[in-house]
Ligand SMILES: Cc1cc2nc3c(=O)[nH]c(=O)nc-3n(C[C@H](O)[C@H](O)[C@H](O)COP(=O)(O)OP(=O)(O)OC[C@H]3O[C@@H](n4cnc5c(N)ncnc54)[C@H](O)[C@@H]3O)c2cc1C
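Form predicted on its own, single chain, as structure tokens, below.
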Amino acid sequence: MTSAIVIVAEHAEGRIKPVTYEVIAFARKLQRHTSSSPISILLLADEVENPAQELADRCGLDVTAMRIPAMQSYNGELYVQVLAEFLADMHPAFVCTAHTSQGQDYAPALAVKLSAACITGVGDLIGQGKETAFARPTYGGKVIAHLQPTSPTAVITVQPGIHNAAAKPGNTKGNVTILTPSAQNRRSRSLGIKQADADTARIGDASVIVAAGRGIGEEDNLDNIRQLAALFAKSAVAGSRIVCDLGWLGYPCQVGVTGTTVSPQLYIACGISGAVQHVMGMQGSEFIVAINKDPSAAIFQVADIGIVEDLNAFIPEFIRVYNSEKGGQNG
């Protein structure tokens, strides 16, 4: 048994996903809490050289890249098969990955293979005497549960949008080792990945998010939300659960406990009441602006700036003034 922490990287189209760097930041915090060492990264793909080197250069950690020609796109069966075989000999204390659709898919099965604990959706670490507990929201975010693994190994999925992406410590350089394990599909095969529409994709990567709640009134008023988002570079449109349930936006746009956890530089909440389930998904934002005509809306309790106004009047006027000021400066 070792005290090692292993991170399973998440990637797509030959690039490391930003959430992987958040998991690395979490792992370093876990290392300080538990005196575990070392931290290493595993990466599974058919083409591994470039993303593995990207990881090693940026984070200064050793990367073991598993080249799997049979895996042209993510396949949960192959992940479990390859990881279980490799980690069985290592006996790490913790295996960490992102709490994404991918991580949620293979983590429980991997834990079963390793006879390990599985704690999903972890947001933070809590000191419990000489022990460390993992904090995760439950009951729709109304309660924070503190969980401790009782097995030698624990598989942990880390909530995105909570931990700032890890920076490389000093001039440390990580080493890359490439292995080619024997692996083959037995019960399933991947047919590829279909990207979501641009309007609903990658809210987790946006620097600015403009989010719509039921308070926008009707679906046609999403035009105001899109026009406001268009004023900012690297922006995205998101929504509360009710907006997605109504079909006004796709579920990839949903922010909250049952959607995506985000931490953009700027979060503009439009017509969002501030239910705890939604706030849990965006409270890590650097700056929060709330627009709501109800002065007692709970969203104002977490906002840095609160605007009590009918958003369908305020947003068009704001855009008009912005464009007028911009035009004057250009002139």
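Bear in mind that the values here come from a model prediction, so they are computed numbers and not experimental data. The first residue of the shown sequence is 1; numbering continues from there.
The protein also exists as the form predicted in complex with the ligand; that form is not presented, and the subsequent description refers to it.
Just one listed stretch, out of 294 to 302, 56 to 64, 23 to 31, 42 to 50, contacts the ligand in the predicted complex at the 4.5 Å heavy atom level, and that stretch is 294 to 302. The closest non-hydrogen atom of Q277 lies within 4.5 Å of the ligand in the predicted complex. Remark: R241 counts among the residues lining the ligand in the predicted complex, judged by a heavy atom distance of 4.5 Å or less.
The closest non-hydrogen atom of G259 lies within 4.5 Å of the ligand in the predicted complex.
For S273, a non-hydrogen atom is located within 4.5 Å of the ligand in the predicted complex, even though that partner is not displayed. Shown without its partner, this chain lists H163, R136, R214, K113 as candidates; in the predicted complex, only R214 has a non-hydrogen atom within 4.5 angstroms of the ligand. For the partner-free chain shown, A297, E309, D310, L311, N312 of 295 to 315 come within 4.5 angstroms of the ligand in the predicted complex, judged by any non-hydrogen atom.
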